[in-house]
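Shown next as structure tokens: one chain only, the form predicted alone.
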Amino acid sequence: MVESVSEPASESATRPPTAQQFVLAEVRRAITSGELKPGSAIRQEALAERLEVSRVPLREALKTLEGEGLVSYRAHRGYRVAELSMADLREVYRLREILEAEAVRAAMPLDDAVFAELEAAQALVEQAAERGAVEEMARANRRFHFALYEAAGMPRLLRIIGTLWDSTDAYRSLYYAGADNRRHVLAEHRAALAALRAGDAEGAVRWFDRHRSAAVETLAAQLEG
């Protein structure tokens, strides 16, 4: 049985309905925001105390995150935030390049509703980037890209792309921490949007390829350095 979390009435409307869901959301947020960095140990007792829950919902949440590839477990060492080698990271981005190009091509031509969602998401990306709000920018960036991929009408492809994104969420926050990197993201999004508005699928694919390549090469320089 999942236990309840004692909380102020003002927060109850915004928290998920169970302790496990709350913990899952909080640990995922800590990873994707960079608060918990790749390779760092997850101290269960301290984390449970900070979240004001028992170890039971925390263990269940960590098992879920392990299944998503965000954390790893080793006997006698416990849980750690998943750490990718550069070979792993490059493989994930290469797979994304192939699959996301297919999604963009399949989504074309885009209707007005999709453009409205892309523009709304891009406005949030711009606002978050200006403030240096890394976690908000990551959420808005995902909304932007997945609005386009969803328009392809290929749910299995969408799920695979989502899994690839999940596995590199912690690294995305490292990239967005740099002001120059945030400016590059905005410029690449704007260029890709312009190509999409012009009905130029291949032009948009090239800009998204450049977008991913810039991220992975910058991360390589950071991690290998």
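Since we're looking at a predicted model, the values are computed, not measured. Note that residue numbering follows the sequence shown and begins at 1.
There is another form of the same protein, the form predicted together with the DNA; it is not shown, and what comes next is about it.
With the partner omitted here, the residue from L158, I42, L186, L164 that has a non-hydrogen atom within 4.5 angstroms of the DNA in the predicted complex is I42.
For the candidate set G132, P109, G78, G153, a heavy atom within 4.5 Å of the DNA in the predicted complex is found for exactly one residue, namely G78. The DNA is not drawn, but in the predicted complex it has no heavy atom within 4.5 Å of G34. Shown alone here, R59 lies within 4.5 Å of the DNA in the predicted complex, counting heavy atoms only. Using a 4.5 angstroms limit between non-hydrogen atoms, L70 is distant from the DNA in the predicted complex. Proximity of A204 to the DNA in the predicted complex: non-hydrogen atoms within 4.5 Å are absent; the residue sits far from the partner. The partner is not drawn, yet in the predicted complex one stretch among 50-58, 173-181, 26-34, 196-204 has residues with heavy atoms inside 4.5 Å of the DNA: 50-58.
CA of A46 to CA of E136: farther apart by 3 Å or more in the predicted complex than in the shown form. In the predicted complex, the Cα positions of E217 and S40 lie at least 3 Å farther from each other than in the form displayed.
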